[in-house]
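Shown next as structure tokens: one chain only, the form predicted alone.
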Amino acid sequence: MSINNTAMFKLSYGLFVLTASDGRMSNGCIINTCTQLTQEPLKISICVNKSNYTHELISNSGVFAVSILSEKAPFDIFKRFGFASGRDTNKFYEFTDCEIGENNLPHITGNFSNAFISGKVIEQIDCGTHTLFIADVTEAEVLNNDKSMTYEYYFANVKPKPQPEKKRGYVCKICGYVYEGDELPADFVCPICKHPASDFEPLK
């Protein structure tokens, strides 16, 4: 039996900012695993990497908030909440696009989020590298009707594309052969059309 890990890429994922607090300072991280489990009573689950500081805060406090990111969320949101650790960074420092919910936790506002859900943990399931937190929903609000951010949309439209590395070199004006390098030797002869270095110009 074979397992093609890329099959996991075909699953549909949303993207969320998960927030928690130690009672003094709030923290947040990016997750892609928030799921409704039941309607009556209303329960959700989140799965969080144990290495995340937010995991520690939720495990200790038993409460969290999930902001559902919309397609308007810029890359800066992902840099702020996903590219640094809350153990040595105050992720909410000078960040104004948030409000405090009834559980005293911040959630991302309607500029970049279309809804938020707060939860009170009722069960923790050890999943190895991650913990599955099952929670009762204590607060939930729709902020606007913007489309939710998906992993697919993030990679296609938000995450910066790697810029092709600019080649350094010289191009033959006769045949188009490219010599790669910082300096073209004075005695260089084009291997294609046999023209001398004087018929080369710097790559633009």
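Treat the numbers as computed from the prediction; the structure is a model and nothing was measured. Note that residue numbering begins at 1 and tracks the sequence as displayed.
Form predicted in complex with a small molecule: not shown, discussed below.
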Would you say all of 15, 32 and 130 touch the small molecule in the model of the complex, counting a heavy atom within 4.5 Å as a touch? yes
Given that the partner is absent here, state which listed stretch (136-144, 164-172, 32-40, 59-67) has heavy atoms within 4.5 Å of the small molecule in the model of the complex. 32-40
Contact with the small molecule in the model of the complex for residue 158, defined as at least one heavy atom pair within 4.5 Å: yes or no? no
Exercise: residue 177 in contact with the small molecule in the model of the complex, heavy atom 4.5 Å: no
If you check in the model of the complex, is residue 85 within 4.5 Å of the small molecule, heavy atoms only? yes
According to a 4.5 angstroms non-hydrogen atom cut-off, is residue 151 in contact with the small molecule in the model of the complex? yes
